[in-house]
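Here you get one chain, nothing else, as structure tokens; it is the form predicted alone.
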Amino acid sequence: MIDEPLYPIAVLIDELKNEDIQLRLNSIRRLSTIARALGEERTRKELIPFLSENNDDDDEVLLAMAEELGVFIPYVGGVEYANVLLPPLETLCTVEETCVRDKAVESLCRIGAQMREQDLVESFIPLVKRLAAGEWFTARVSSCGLFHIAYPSAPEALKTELRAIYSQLCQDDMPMVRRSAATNLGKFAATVEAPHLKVDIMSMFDDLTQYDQDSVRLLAVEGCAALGKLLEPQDCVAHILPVMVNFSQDKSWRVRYMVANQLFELCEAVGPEPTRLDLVPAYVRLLRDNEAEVRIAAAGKVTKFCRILNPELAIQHILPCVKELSTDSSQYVRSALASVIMGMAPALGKDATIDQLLPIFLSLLKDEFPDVRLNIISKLDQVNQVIGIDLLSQSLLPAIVELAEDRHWRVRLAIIEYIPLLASQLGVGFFDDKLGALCMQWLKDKVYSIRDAAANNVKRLAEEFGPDWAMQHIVPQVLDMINNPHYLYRMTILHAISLLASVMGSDVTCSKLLPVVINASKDRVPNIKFNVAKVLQSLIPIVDQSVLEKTIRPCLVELSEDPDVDVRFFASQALQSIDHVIMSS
């Protein structure tokens, strides 16, 4: 018989040596439970050494272990014993599988952030140095992600050594190590003192930007914006700006793509004048790049660029490119442009929007690719704020009406979702003339999502224009459709009635809506009948008790005896709701 305290570790050992990977995984995921059973001291002396020696070759098990150890400080006795967790994680930092190493680095960072300064110097920094000097590249890759934790607590001499080590990693023979150094340079730079930032970090940055592999250079681009924010504007102009401008003409499209994504952030770091002189020409080059992916990335930043430039500069330099992009051969470029172009209107002002942007909006609204049309529709309110509703209705409304009958249902859906906003902007008179009939037409659409959205739309319009308007313009037309020969359309009308009831109030519900629902309970299709039961249940809070007893309950009692099981189920649910309401009142 095994002693009781030894039992958990014995089970763990057995399960971790089991051939079944699922058993091994489960035992790793229960490490915290096992640690609690063992107690803090035995966890430190038995469990952690066992895990350090565990040479499981399955990446899933190792990944789970790396994750578990990151939150293990409470189980080993708190922060003063955190250093015992470092050996197993150090081993995991050297494995071949990237996701295991990344998780081990993440856990080490989490533990290092909580460790005492003395422990960092005695245990954590030596670990970083060992990994950085590792013979196998995986250790060196992992070490790059730990410097920003180790550096702040190091004494001055060690800080100098750590900067030198990181500099060596930036010149490593293995591209994977350089990539990791480039990725983590921004984090490390944020912990380095200002004088060393200009000298040491910038020389590392220069090494990375001149490497011949584009995978390293594009990660160095990411560091440009991070470093730009740490440096003074004049240093940023001297060191970072020339690199970024050079990268905007890099032979690799991936590097140019990264520049297109990062350029806007650098504008904020260098200030308005260098932006106008150097970054705007670079951005224009990217907007006209021969690779579609680069144009997509650049087009996505058009609005942000226009906001930081004055309107004259934007009209002079950016707008001609926007016109070209609106007729780009790639539908994805046009789609990226359509998703942001509406935001240019406030930045350019009313006159430029009317003269220059409106024709572009109209051409994109008629684009053959549905996503382009969708992206324009979803941002129309931004233009309305600038040019006013009269001009919007004259120029864009005909295109919107055309899209309301678009062959792609997602485009119709986007229009429906935009209708309440459009209604509030157009006002009741204009809405009745142009869009009222469309809203009813959508209730009979072939696609369920459109019918469902149309029912919600009817409710939102009733809320926007008030019950009196709804009584005159919506309720009669909706109720007329309950006799449609197709049962799916009749179901949509029942759904619309249940939504309208909450807006219309008790009187209209009892006099107009309820009789139609009661009549539908005689329908021959079971789906209609159980939907009647659901609608009646939704009306319970709206109508008064006498209507519940005289009208709704008899109908539900009849439905609860229906041959169809679903009809009986929903009718009995509704009857229980009535009983509950009556008992509580």
Partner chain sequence: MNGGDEVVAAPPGPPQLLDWKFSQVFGERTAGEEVQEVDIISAIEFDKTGDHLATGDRGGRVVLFERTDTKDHGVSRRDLERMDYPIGRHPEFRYKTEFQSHEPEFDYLKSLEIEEKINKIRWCQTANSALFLLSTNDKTIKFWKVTSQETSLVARSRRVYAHAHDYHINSISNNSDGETFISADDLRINLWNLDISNQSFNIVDVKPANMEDLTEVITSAEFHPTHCNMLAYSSSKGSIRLIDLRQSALCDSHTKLFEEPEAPSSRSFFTEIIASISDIKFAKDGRYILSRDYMTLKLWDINMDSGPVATFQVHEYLRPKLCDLYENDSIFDKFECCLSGDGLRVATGSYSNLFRVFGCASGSSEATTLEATKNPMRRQVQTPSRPSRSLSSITRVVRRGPETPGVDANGNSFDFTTKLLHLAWHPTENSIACAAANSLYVYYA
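Predicted model only: the values in this text are computed from it and were never measured. Residue numbers count along the first chain shown, from 1.
Although it is not shown, the form predicted in complex with its partner chain is what the next lines describe.
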Answer for Glu549 alone: is it within 4.5 Å of its partner chain in the model of the complex, judged on heavy atom distances? no
Does Arg179 make contact with its partner chain in the model of the complex, using a 4.5 Å heavy atom cut-off? yes
Heavy atom of Glu405 within 4.5 Å of its partner chain in the model of the complex: no
Its partner chain contact in the model of the complex: Pro175, any heavy atom under 4.5 Å: yes
Region of this chain that lies against its partner chain in the model of the complex, out of 162-170, 132-140, 185-193, 364-372 [heavy atom, 4.5 Å]: 132-140
With its partner chain left out of view, choose which of Trp409, Phe264, Phe465, Trp253 has a non-hydrogen atom within 4.5 angstroms of it in the model of the complex. Trp253
In the model of the complex, which of the listed residues (Gln213, Gln441, Ser449, Gln316) lies with a heavy atom within 4.5 Å of its partner chain? Gln213
Three residues, Asp58, Thr94 and Glu97; all within 4.5 Å of its partner chain in the model of the complex via heavy atoms? yes
Considering only 288-320, what residues come within 4.5 Å of its partner chain in the model of the complex, judged by heavy atoms? Glu291, Glu293
